[in-house]
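The chain that follows stands alone, in the form predicted alone, written as structure tokens.
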Amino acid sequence: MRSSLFVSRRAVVASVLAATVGLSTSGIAWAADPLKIGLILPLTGPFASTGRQIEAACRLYIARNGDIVAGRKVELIVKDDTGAPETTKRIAQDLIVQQKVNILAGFGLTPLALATASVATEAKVPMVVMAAATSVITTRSPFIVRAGFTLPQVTAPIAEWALKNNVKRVATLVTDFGPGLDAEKTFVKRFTEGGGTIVESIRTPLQNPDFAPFLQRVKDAKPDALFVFVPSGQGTAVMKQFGDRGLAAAGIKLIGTGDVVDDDILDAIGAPALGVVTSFHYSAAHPSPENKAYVDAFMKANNGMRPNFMSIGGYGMHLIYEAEKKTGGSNDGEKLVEAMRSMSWTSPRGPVSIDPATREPVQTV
């Protein structure tokens, strides 16, 4: 009996120990489950500066806030889509199916974000849009949350500025794709409703535009000002040709959204940028303590590269980190998106919140 009882007790103890070890192992496996973020960006081609800035900001956020969030190791999987929508969609599908990513992020241009929206919806994977700025994007999937900005948001204030500063006749020049059309529509509506007149509306191609003939048309129309929207990186060409064609000398003001005087290319633009008036949600010169620390850290980490507005969208990694904290490290896409709604924080750009109805950023311009 003693022997039998002893064996039985040993069996019970062994089974309890096995159960305990099993629970412990299960806990360790969960804690070690990485948070996989698929970052899809144009890192080569004409919009490579956008990808470079966003990737640098994402990596800086991780470096400053740690690579563990809600007990999970953050794994950033960076992919170059070269700015081609079909490539973006294919990469997103591969990241979800093969790499098992928990969150998609990046999206340097509107067509790239729109191409991926259905993928995010079908897989129920959150999609954090850090750059693309056409207003329609968040309506294409309930899993999209925007960390950057929208063109109407940053355009309306410059139209109001023009009306208040004796600008009565304006020509518009925008890139012929979603954000440009958004900017044109918003500027024209606000400006004409306030009593202004549009004397010329010009749309330029997205790829390899030659602005010279379009700017000559503007000069011939003799407006008080030219409103410009071009994607990040194209401001240098606009500025140079604006000067070469004698528009500034003719007394035509250059106004626009801050894309045209992108911090990343401001040094290359040089003197032609003087006197340009823009409205925007971010500038590296913003004097807040948070931004001064951000710019200093960014430049130190990137061989002196100045952060631009695309970078501040990438620093929207904050949304991902905080959503993971709120949900206790969840993989549930619906719960993560819900956690991002109504989130508010102090960013290097200033106070930011996410509108719960639209999943769009609310911020100072």
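The model shown is predicted, which means the values in this text are computed figures rather than measured ones. Start at 1 with the first residue shown and count on from there.
Separately, the form predicted in complex with a small molecule exists; it is not shown, and the next lines address it.
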How about D259 - does it come within 4.5 Å of the small molecule in the predicted complex, if we only consider non-hydrogen atoms? yes
Whether F187 contacts the small molecule in the predicted complex should be assessed with a 4.5 Å heavy atom distance threshold; does it? no
Does at least one non-hydrogen atom of Y315 fall within 4.5 angstroms of the small molecule in the predicted complex? no
Looking at the partner-bound form in the predicted complex, is T155 within 4.5 Å of the small molecule by any heavy atom? no
Quick one: of L173, V170, A133, A183, which gets a non-hydrogen atom within 4.5 angstroms of the small molecule in the predicted complex? A133
Position in contact with the small molecule when the complex is considered in the predicted complex, options P223, P209, P231, P272, heavy atoms within 4.5 Å: P231
Specify the contacting stretch among 51 to 59, 305 to 313, 37 to 45, 334 to 342, defined as having any heavy atom within 4.5 Å of the small molecule in the predicted complex. 305 to 313
